[in-house]
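First, one chain by itself: the form predicted alone, in structure tokens.
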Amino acid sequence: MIVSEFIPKPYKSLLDSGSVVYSSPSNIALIKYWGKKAHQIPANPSISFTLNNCKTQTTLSFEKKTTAGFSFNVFLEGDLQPDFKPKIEQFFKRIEVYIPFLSAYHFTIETSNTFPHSSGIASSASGMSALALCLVQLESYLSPGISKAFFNKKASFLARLGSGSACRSIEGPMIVWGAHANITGSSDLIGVKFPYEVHSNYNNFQDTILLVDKGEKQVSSTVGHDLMHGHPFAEQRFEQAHSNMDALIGVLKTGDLKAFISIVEREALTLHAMMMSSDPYFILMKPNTLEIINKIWAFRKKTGLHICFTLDAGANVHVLFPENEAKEIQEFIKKALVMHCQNEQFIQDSLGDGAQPIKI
């Protein structure tokens, strides 16, 4: 797939060496993307909250070289990560036509997270978006005059080719990815800001992430997406996602939090239902995931507060709630839910505005 608008004109010259740094957040989908076509095209549209505290910071150092091919090293939290190289090399192969200077440099990629890697907090989304942003930042030095809008658009396009959900981490606070008939500007190629009115009920919405299991997932998201090919319920699921997206557009406008809760929780459970009904089937939830869900349901019924959960492709639970109900809900989380977390660890987060360059 070639998208000509992202192919740059020949560079007048290359820099000899230097570094760029970007911090990019994770995101949590409300309408879930599960299943994809060739070239990282989603099988259904999704919409996500951009997070504020769960971030990846990436430093991309570059030095001109004369040898052929890609040359890079990857470090996570200061440790060399040879296991990351195949995924980065695959990413470079996909984007070389759009970033033609890739083979001209040796890169050192130094990355760190504010949250546990491979624990269901979409580290691939924040990590790949941070790397894509660094590459576009370097290109902006070689081709001055790139507008901010095009910069973000190209970064989202490239990030998608590294990890689909990464295209939703460039901006915030709510991003749509995937073509949907009733969302103007929506695209399978990039994430775009949700273009319609959003009720004040969702201003600075809170997300407390309960770290039920911080280990490696038993089944990777890549494998899980592939299992949607031939899944007996795939087409019904894709239709449901479009229907839920339509419903959510209205709910975001009116501020109907009860309807919001219904859509978000249904989407989370459907995601995991698709995993449990694939061939081969698998379960990423843990017993404590279910304990937390049941306690949230009981607390909501008892108090009438607008607390709900969502899940990514993992065991951890994202507890969502409006800011004006935060005090009582956070007390409940600490008293009744944190005990179900691994080492009682959790992260308090909220909606964020997207990635930021870091001055060096």
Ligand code: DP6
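One-based numbering along the sequence shown. Please read all numbers here as calculations on a predicted model, not as lab measurements.
One more form of this protein, predicted in complex with the named molecule, exists but is not displayed; see below.
Note on the partner interface in the predicted complex: the residue among K87, K193, H106, H231 having a heavy atom within 4.5 angstroms of the named molecule is K87.
S221 is the sole member of S278, N152, S221, T111 with a non-hydrogen atom lying within 4.5 angstroms of the named molecule in the predicted complex. At the 4.5 Å threshold, heavy atoms of I95 stay clear of the named molecule in the predicted complex, well away from it. Within 4.5 Å of some heavy atom of the named molecule in the predicted complex lies at least one heavy atom of H225.
When contacts are judged by a 4.5 Å heavy atom cut-off, N52 does not count as touching the named molecule in the predicted complex. Residue contact check for H318: none of its heavy atoms lie within 4.5 Å of the named molecule in the predicted complex. Of the candidate stretches 331 to 339, 318 to 326, 301 to 309, 34 to 42, only 34 to 42 has residues whose heavy atoms lie within 4.5 Å of the named molecule in the predicted complex. Taking the named molecule as it sits in the predicted complex, the stretch 59 to 78 never comes within 4.5 angstroms of it through any non-hydrogen atom.
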